[in-house]
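Before any questions on binding or motion, here is one chain by itself as structure tokens, the form predicted on its own.
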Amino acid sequence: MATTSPPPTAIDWASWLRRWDAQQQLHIPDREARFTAMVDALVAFVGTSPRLLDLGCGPGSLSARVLQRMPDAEIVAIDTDPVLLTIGRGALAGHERLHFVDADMRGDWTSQLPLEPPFDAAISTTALHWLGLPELLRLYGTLAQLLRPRGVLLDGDRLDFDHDQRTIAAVSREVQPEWPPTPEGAEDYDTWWSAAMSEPALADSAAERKRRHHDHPHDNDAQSYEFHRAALLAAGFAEVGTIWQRLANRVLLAVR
């Protein structure tokens, strides 16, 4: 007897999002502390009802935490991974002020924005290190045009120590490896993705992901904090600094 896939409404998308957060927390132990630092800074710099860009949003983990604290915020959440976007749209469907956009930041993503600039802030977490150098520099220049005066960029990511800090960098990686060991029985990154790509309700999204050849490289070199700071200042930002840090895990804040 033939079987049919359950309709999307029957899928517990919130559970998929929780599973995503759980495996991310395994690999980034200070993830929640970093989220808290970013949301605290947003409130301090742009108030409780800002218009935001969430760059490389994935399934919306950071946007969800912003809306928990600031329900009047309006967020355009941008990603090009169809699997993660499907989960985010399903899990966070109740947030009318959250707009998911399927767009590639390496291309003409600004033409797809559902809200007119300027924006009060742009936020990103564990995403911008996937961009190549030309793409990253172009993004910083674009953000300098999209943000209002005194608007801010908040980037939570692995921002490496500089070339003259190799001993510090090496010891830091020993203290907290980039990919900490996974506890026995826990769902890690690869296991989560294997399950997601096998989920019948995600079949169309998984097929589209394969068509786009979309995957997240883990062997690319993150740029140093000093590089990001110099690039942002050159793009037109007035101030750049670190507002939270544990080893190479940092939150960078740039003021337009």
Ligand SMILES: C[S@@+](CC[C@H](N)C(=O)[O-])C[C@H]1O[C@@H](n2cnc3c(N)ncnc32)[C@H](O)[C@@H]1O
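Computed from a predicted structure; not experimentally measured. Note that residue numbering begins at 1 and tracks the sequence as displayed.
Beyond the structure shown, there is the form predicted in complex with the named molecule, which is absent from this document and is the topic of what follows.
Trainee: Just to confirm, with a 4.5 Å cut-off on non-hydrogen atoms, which of Phe35, Phe227, Trp192, Phe45 contacts the named molecule in the model of the complex?
Mentor: Contact check passes for Phe35.
Trainee: Among 163-171, 86-94, 113-121, 99-107, which stretch sits within 4.5 Å of the named molecule in the model of the complex, heavy atoms only?
Mentor: Of the options given, it is 99-107.
Trainee: Any chance Cys57 has a heavy atom within 4.5 Å of the named molecule in the model of the complex?
Mentor: Contact check for Cys57: yes, within 4.5 Å of the named molecule in the model of the complex.
Trainee: Do Trp130 and the named molecule come within 4.5 Å of each other in the model of the complex, heavy atoms counted?
Mentor: Close contact exists here: in the model of the complex, Trp130 approaches the named molecule to within 4.5 Å, heavy atoms only.
Trainee: How about Arg31: is it within 4.5 Å of the named molecule in the model of the complex, going by heavy atoms?
Mentor: Arg31: yes, in contact with the named molecule in the model of the complex.
Trainee: So in the model of the complex, is the named molecule close enough to Asp155 to count as touching (4.5 Å, heavy atoms)?
Mentor: Outside the cut-off, so no.
Trainee: Which residues in 108-127 have a heavy atom within 4.5 Å of the named molecule in the model of the complex?
Mentor: Thr125, Thr126, Ala127, in sequence order.
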